[in-house]
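Listed next as structure tokens is one chain, alone, in the form predicted on its own.
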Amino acid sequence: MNAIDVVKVGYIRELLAKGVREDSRGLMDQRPITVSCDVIDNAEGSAQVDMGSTRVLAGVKFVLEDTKPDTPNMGNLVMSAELLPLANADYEPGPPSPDAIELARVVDRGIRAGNCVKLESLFVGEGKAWTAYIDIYVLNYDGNLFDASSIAAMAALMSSKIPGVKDGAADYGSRSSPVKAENIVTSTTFGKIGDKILFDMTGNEETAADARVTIETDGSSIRAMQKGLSGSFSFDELERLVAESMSRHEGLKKLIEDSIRK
């Protein structure tokens, strides 16, 4: 941790000791969120999410590929994330960083475990199926990439149109079949700083955080969880955060659905 980060951490902790956040939100308040779909013309689906100053873009590309031997009647989802250098001074070009790999895996786990898209519906026939490549790009970082990326990936996937098939090849000039979305999973990430638990951390708050937990749910059950950093949550705290996550699902789900209808 450099000298500037030490000052940030001290400032954040001093504020929280008084029950105040740096942007004056309550501990469980979320920053404003906007979701815009179909922002990339040459993608089968796309969405941009602005959560406070955090901005994430997700794009979906369908590629017709040979089916896998162990899943002969199913397509596939492949998730990747890139932390662009323009988003934060700490991000560097090159191979995916551990943070980018974790981000992609957490978002993928929620969508996959939630059976959001039936992979059988991506099967074309004669040993061919669609693979949906979902690419997440962090355009600006100010905390809570897990939730912003989950919303962006979910909205991009649900707004996708699958290309046609002509002479055994993908016909990208014909995109008419909407993805058969069976479920919507939403993500809520909480941080712990000292004895205070807060929702939707900013970048400065994440620098000061002792522990972090991401909970992904479809409203009826928990589909995935990811614990981060070296601190811990008690059992009672996790129970409370699971209930908080479940209660927020419908609002986040509606946000995604409304963005697709626009």
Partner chain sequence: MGGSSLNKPELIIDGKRRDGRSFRDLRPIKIEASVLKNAEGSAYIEWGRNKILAAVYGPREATPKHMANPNKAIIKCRYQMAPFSSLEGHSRTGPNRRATEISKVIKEVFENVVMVNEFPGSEIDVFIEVLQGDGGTRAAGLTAASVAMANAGIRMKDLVYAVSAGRIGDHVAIDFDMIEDNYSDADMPVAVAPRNNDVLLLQMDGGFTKEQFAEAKELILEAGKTISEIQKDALKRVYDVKGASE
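Here the structure is a predicted model, which is why all the values come from computation and not from measurement. Positions refer to the first chain, counted from 1.
From this point on, the text means the form predicted in complex with the partner chain, which you will not see here.
Of the candidate stretches 123-131, 164-172, 147-155, 68-76, only 68-76 contains residues with a heavy atom within 4.5 Å of the partner chain in the predicted bound form. At a distance of at most 4.5 angstroms from the partner chain in the predicted bound form, none of the three residues 4, 9 and 190 contributes a non-hydrogen atom.
This chain is drawn without the partner chain; in the predicted bound form, the residue among 40, 198, 64, 224 with a heavy atom within 4.5 Å of it is 224. For the options 117, 184, 104, 87, the residue carrying a heavy atom within 4.5 angstroms of the partner chain in the predicted bound form is 104. By the criterion of a heavy atom within 4.5 Å, residue 139 is excluded from the residues contacting the partner chain in the predicted bound form.
For the chain shown alone, residue 242 is a contact residue for the partner chain in the predicted bound form, at least one non-hydrogen atom being within 4.5 angstroms. Among heavy atoms of residue 213, some come within 4.5 Å of the partner chain in the predicted bound form. By the criterion of a heavy atom within 4.5 Å, residue 15 is excluded from the residues contacting the partner chain in the predicted bound form. Along 221-258, a non-hydrogen atom within 4.5 Å of the partner chain in the predicted bound form is carried by 221, 222, 223, 224, 225, 226, 227, 228, 229, 230, 231, 232, 233, 234, 235, 236, 238, 239, 242, 243, 246, in order along the sequence.
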